[in-house]
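Okay, here we've got a single chain as structure tokens, the form predicted alone, with questions on binding and movement later.
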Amino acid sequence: MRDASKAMRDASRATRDPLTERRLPVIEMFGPTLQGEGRVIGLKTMFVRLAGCDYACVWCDTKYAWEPGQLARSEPLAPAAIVARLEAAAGGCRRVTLSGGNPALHDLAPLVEQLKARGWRTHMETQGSLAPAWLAEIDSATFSPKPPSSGMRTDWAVLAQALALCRDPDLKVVVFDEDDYAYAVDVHGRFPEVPLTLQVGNRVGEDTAATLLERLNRLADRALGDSRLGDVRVLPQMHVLIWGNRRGV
């Protein structure tokens, strides 16, 4: 992975970006790795994590992407430089996940256009709090509206607009407690046509693989006996079970 990261940096330095290309604040790029969440779980992917978020979930597992000072610590890269770094490290992988923070804060249209021109399949992870027009160009997206335990509130109208824009959306709700479970049932009732995943909540620094699997068992039993949930998936964060709560996986 160290050699791949060096190749990514060298490729970026060798790229001459047009002055008109707007830089994007990149917190980290890594891969290939396995997608650990949502409907695309288990697929090989590269990751681009962008700085900034319009939420501040109390249990967020990527606070390093949006807490005060993080934007200043990000690396401003033009779309062409991002594509060059990805291709230097991809090793045949042609799928990229755009994440954050909330990547929908940024104008990703130029990046998505360049990725598609190079044969990449684009996937995005967002809470669905924003609905930029370029969402229509993303191949697929996982929308993760935040339940009560997050401390955030959902704008249902904006979420509906974002889902309608995306050509292949799915929903994911993180479940920590009973209120979160009730919220997930509500989400499924509002958008029954969109595939839904229930994901066990993960408190970084507290949970272990054993505690996560124990809660996954309880959540699975609950969902299996609930006729309101239909064809929902119940999943852990696979990457956490494999590699633990650490960056760059």
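Computed from a predicted model, the values in this text were never measured in an experiment. Note that residue numbering begins at 1 and tracks the sequence as displayed.
There is another form of this protein, the form predicted in complex with another copy of the chain, and it is not shown here; the text below is about that form.
Asks: Go through 66-74, 22-30, 51-59, 213-221 and give me the stretch that gets within 4.5 Å of another copy of the chain in the predicted bound form, heavy atoms only.
Replies: The contacting stretch is 213-221.
Asks: Even though another copy of the chain is not shown here, does it sit in the predicted bound form so that R39, G92 and R95 each have a heavy atom within 4.5 Å?
Replies: Yes.
Asks: Note which of V194, L43, V185, V204 lies within 4.5 Å of another copy of the chain in the predicted bound form, where distance is taken over heavy atoms; exactly one does.
Replies: Among V194, L43, V185, V204, a heavy atom within 4.5 Å of another copy of the chain in the predicted bound form occurs only for L43.
Asks: Determine the residues of 209-234 with a heavy atom within 4.5 Å of another copy of the chain in the predicted bound form and present them in sequence order; the list may be empty.
Replies: Sequence-ordered list: A209, L213, L216, N217, A220, D221, A223, L224, D226, S227, L229, G230, D231, V232, R233, V234.
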